[in-house]
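Just one chain is shown here, as structure tokens, and it is the form predicted on its own.
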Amino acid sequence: MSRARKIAHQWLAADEAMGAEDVPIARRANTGVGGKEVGIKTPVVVRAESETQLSAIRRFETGRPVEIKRTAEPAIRAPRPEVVRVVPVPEAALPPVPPGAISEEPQLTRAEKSERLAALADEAHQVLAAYLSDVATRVVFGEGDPGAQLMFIGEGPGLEEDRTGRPFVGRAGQLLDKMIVAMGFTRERVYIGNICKLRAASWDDLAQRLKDRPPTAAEAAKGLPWLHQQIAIIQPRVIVTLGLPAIRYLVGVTENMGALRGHWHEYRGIAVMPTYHPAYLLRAYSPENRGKVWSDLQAVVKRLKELDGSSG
């Protein structure tokens, strides 16, 4: 088998492990007599929702015929509203990381963690209600196992998350669910939160709609105190940050994502692995990016197993 084909198969294995079914890369060829590979003439069916995705699919297609299927009609652009009510967030310095290691925090039972998280969520909803607007209509606090060993942290809720009040439920969230399953977990066994608890979006004249954007430092400053308390209560063994704003605001690093991902960082004694945000992966769905994310997730699984062994 050639090196290029072997690498392509490794990338495909990562996709399959993450639950991807319709991907822009050729499936493994059938194995014939004597272990030789024979060609397959049936096309791979890939699904795309935009011209950008169609272009990406054609760019990364590896030789087999591709049948393009659109999964959704283009969204109807609504006229720009005369007024979009936005509650301004005052400028504020980022709150410092609490002192001491997480291991120095009070050791709580699962029931105690659940009770404290519920009380903290109620408090967050009351305080952040002052910033609700036409952009952020509800507080998205976080969800998952209060006794989780693994925690995922994104930058902030998007449109679907704002509608439901739950983190990572849109297309990016669906991909995250597959990543979690590929690691040997379920969504119910991990905890998922964000730097910001309110949606950040600005009006886009070209798209004629509110468009999600990375949070500003002021917006992050409003959400970080709640996140620090969530982590102190849950006390995960490993944190995975999703996207550049998440790792920057949580740890305080300044490098770009390419330099940060794949390397371990630390938050109050907790191992932190930054990786690409699932939304970025959907936009840049290349074999190279998929392979990088899968490598990051495998490193996390390995670290959790090492921690389990050391504690046993």
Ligand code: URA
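Please read these numbers as outputs of a predicted model, since none were measured by experiment. Don't overthink the numbering: it's just position in the shown sequence, from 1.
Keep in mind that the form predicted in complex with this ligand is not shown, yet the notes after this line are about it.
Chemist: Looking at the partner-bound form in the model of the complex, is Glu155 within 4.5 Å of this ligand by any heavy atom?
Modeler: Output for Glu155 is yes: heavy atoms within 4.5 Å of this ligand.
Chemist: With the cut-off set at 4.5 Å between non-hydrogen atoms, does His277 touch this ligand in the model of the complex?
Modeler: So His277 counts as contacting this ligand.
Chemist: Give a yes or no for Pro236: in the model of the complex, does one of its heavy atoms lie within 4.5 Å of a heavy atom belonging to this ligand?
Modeler: Pro236: no contact with this ligand in the model of the complex.
Chemist: Please tell me whether any heavy atom belonging to Pro167 falls inside 4.5 Å of a heavy atom of this ligand, as the geometry stands in the model of the complex.
Modeler: Although this ligand is absent here, Pro167 would touch it in the model of the complex, with heavy atoms inside 4.5 Å.
Chemist: Quick one: which of 159-167, 103-111, 218-226, 125-133 gets within 4.5 Å of this ligand in the model of the complex, going by heavy atoms?
Modeler: In short, 159-167.
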